[in-house]
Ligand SMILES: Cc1cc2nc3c(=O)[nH]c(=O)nc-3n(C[C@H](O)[C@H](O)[C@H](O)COP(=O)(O)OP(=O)(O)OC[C@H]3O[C@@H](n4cnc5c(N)ncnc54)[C@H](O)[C@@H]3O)c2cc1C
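Next up is one chain by itself, shown in structure tokens, the form predicted alone.
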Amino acid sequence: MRIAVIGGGINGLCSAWRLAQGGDHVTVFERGRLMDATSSASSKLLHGGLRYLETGQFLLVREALRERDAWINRAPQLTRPLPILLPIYRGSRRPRWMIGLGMKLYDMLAGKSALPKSESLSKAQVMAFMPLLKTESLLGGFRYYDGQMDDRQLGLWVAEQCRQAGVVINEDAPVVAASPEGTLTLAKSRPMSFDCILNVAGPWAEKLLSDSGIKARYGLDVVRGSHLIVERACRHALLLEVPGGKRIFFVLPWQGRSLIGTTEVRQPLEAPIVCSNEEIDYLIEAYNHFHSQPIARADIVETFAGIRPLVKSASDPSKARRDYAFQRNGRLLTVFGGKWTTSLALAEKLKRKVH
């Protein structure tokens, strides 16, 4: 089959790769440069989504945990297992027993993973791992494993696998319309016909349908996630609860510095994708709440932000489901949502829908 894939992010590239492996003739159309948008602005984690257990997304967590391990095995040069420390303080919104049950469930859903299982830690053990944490009201904690990646380079590695499998990749090729009859229209060329068109444009998938005169059956929440990189070595990755709320954030080692994130702020699709002053203050305040050596704006060496396409399922984006949905209109198949970690699992489902 002749298949067009709209979108050069990780989900589009993985879909193209999987289809080409099956013998299809695949062409990718990316509006800008490969891996220059959402897929290279992540928290750099390959993870099962520990916090998704709170919203009952057990099947998604199980799928993501298996895909996490597969990525680490598939590209060890660009990924690594990452131990993450989760300290528990008196007054936390999630009591120790609840976190303990979540850890056991996370381990169970991971199945026969090569990564170590979680462990409960005393206060002294937590401080041995992270002596710069504040000790007041610290009860102890947990340590568990997920994966860390160089998201941009891993995505470009997938793009190279695509090319080796015969995929034709077009950058700076914005698609302005796609039809159920299999016609694809670029901004500056004549319409082209394909046996199947996959709309894997991430945050722009719903807009492409609208621009093509097609009603979307699902809505997307466009949510900005911002991060700080600060000139501070990170001795151990941390998962922390935002003071006064139930949101969580990470402090991660990244290229000899600390990566702090993320936020969840709704924004219009056409708005600039940048970390706001409010988000900078929010992340600095959250970090300093737990650390005995505070950071300031002068310590920030970089900020970055990306927008995520979440299928609308909650008034609060932090409670929105992280799974994905499909819509078929004749020869046009659209993907709503999708996560970095589960991009190849999504690609496999798309392949089955195409064939």
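This structure is a prediction, so every number in the text was calculated from the model and none was measured. Don't overthink the numbering: it's just position in the shown sequence, from 1.
Below: the form predicted in complex with this ligand, not depicted.
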{"item": "Interface stretch in the predicted bound form with this ligand - options 212-220, 80-88, 193-201, 99-107, non-hydrogen atom within 4.5 Å", "value": "193-201"}
{"item": "This ligand contact in the predicted bound form: Ile3, any heavy atom under 4.5 Å", "value": "no"}
{"item": "Partner contact for Thr262 in the predicted bound form: this ligand, 4.5 angstroms, heavy atom", "value": "yes"}
{"item": "Val61: touches this ligand in the predicted bound form, heavy atom cutoff 4.5 angstroms", "value": "no"}
{"item": "Partner proximity in the predicted bound form: Phe29 to this ligand, non-hydrogen atom cutoff 4.5 Å", "value": "yes"}
{"item": "In the predicted bound form: members of 271-294 within 4.5 Å of this ligand, any heavy atom", "value": "none"}
